[in-house]
Each structure stands twice: as C-alpha cells, then as structure tokens.
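First, one chain by itself: the form predicted on its own, in structure tokens.
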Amino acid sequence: MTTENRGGAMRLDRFLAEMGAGTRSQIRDAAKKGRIRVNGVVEKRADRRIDPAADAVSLDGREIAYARFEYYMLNKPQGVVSATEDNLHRTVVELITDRRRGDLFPVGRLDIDTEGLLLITNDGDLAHRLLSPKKHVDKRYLAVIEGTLPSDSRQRFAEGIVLSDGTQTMPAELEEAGDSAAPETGSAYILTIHEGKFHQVKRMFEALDCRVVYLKRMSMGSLRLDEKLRPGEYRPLTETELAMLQENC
C-alpha cells in the first residue's frame, strides 16, 4: 500500500480528478486560484492528502462527493455509441448526467442501432468477469427479423451456428417472442447466447438467410433491463442487483 492510500487518505488532486472535476493540471491551477475548499477552508495545495470519507471538498462552491465505484443500468437508445468518447456520435457515458466519477465505461458493446441493457461502471474487475469467455455469461436479446427461419432453426441454434467466415458459435437458445413483442414488422424471437463475438446475433441469423431489423438486449447474467426505463434513461443498480452480479460471475 502506498503512503498516499494509507488510512484511506489520498491526494486532493487525485480525488478531484477521479471524480471528473478536471485533469490534475487543471485542478492544480484551480487550487492556486483559491477555487477549492476543504472543510470550508480555501486549500491551495493540490498535493494535500485528504480523507474522502471524512473531509468535505468543494470546487467553485459545488460539493464533490466521493464514490469509489459506480454502477448504472442504462437502456441504450439507437444512435448512441458504446464508448467513452467519440468524435461523431454521442456516447453512452455522456447519457449518465449525474455521474460522480470521470472514469466510467460501458461493460461490453452494443451496436449503434441496437437498444437495451448496458451496464456502465468503473469497476474493471467486475467488467472483466462479466466479459470473460471462460464465464459464459448469458446474454438475452429480443430480435426482430426479416425472412423465414428454417424449420430446424431451434435445433441448429442449440448445436451452435457456423457463421459466414467459418466461425462456430457456442450453443444458443432460440424461442419465439410473438408478434406483440415486435416494435416493427417482422417475426420476433428471443435469443440467449453465452459469448460475445463481433455482431454475433446479427451474424447468427444471417447464417440462416434472415436479416435482423431490430435488436434489443434484455438481460446480461442476472441483470435484467428495468421495463420502466425508456431508451436513454438509466438508474443506479440496486444493492440486490449488484450483489447478484458479483455472486454469479
């Protein structure tokens, strides 16, 4: 353990940088200008050590609360990219407007035209376990397709689909969702996969001469999309949801 972290203490500039208040150089400049207060007193030393759990820190009069980890469930809308930054499109992280930390990232990726469940966090260990090929975490999708699946499609998905490039997928579960589940014209299916290859769901249906016209992720492991969240809305995970995720992956 470093001296900086002993007893829960950390440098003031590191604390503010982790909370997304700016770069360390910007924070040092803010300190010199008297814009930072610790426990109500102006602090011009950015390298001062503070206790995030006990000390009250504010920048330009705005209190900065500390959170080691943050976990948000997002109903990703179409047109937004699963990235932390992008020059052309809005990112999923930008949708989390009341986040405390500046190091949040999406766990996995959904295509720009895909909707549904996305976990946004800064917990790298949890993200690694959720995405590890060895864990085979279930991912459940609602897919609306154009075309007609062959009569043995359920069996072929259960055996694993051979993609156009020769890649063999793991066995998957296919079931009909019913037309009422489809937001567009087409046939609706629920597909559960246990891995996360590039464009996998779309490629699996394409291998059977069908095209996915709408795709929405419904669940990832034990985490299920809150039906109350409209596209673009989010909320923090509940303690129960987080505990189940950590336990089951």
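Heads up: residue numbers just count along the shown sequence, starting at 1. Bear in mind the structure is a predicted one, so any value in this text is a computation, not a measurement.
Although it is not shown, the form predicted in complex with a small molecule is what the next lines describe.
Trainee: What stretch, of 107-115, 159-167, 86-94, 128-136, brings heavy atoms to within 4.5 Å of the small molecule in the predicted bound form?
Mentor: Among the candidates, contact is made by 107-115.
Trainee: Mark H199 yes when one of its heavy atoms lies within 4.5 Å of a heavy atom of the small molecule in the predicted bound form, and no otherwise.
Mentor: It does: once the small molecule is placed as it appears in the predicted bound form, H199 has a heavy atom within 4.5 Å of it.
Trainee: Can you check whether L215 is within 4.5 Å of the small molecule in the predicted bound form, heavy atom basis?
Mentor: Because a heavy atom of L215 falls inside 4.5 Å of the small molecule in the predicted bound form, the answer is yes.
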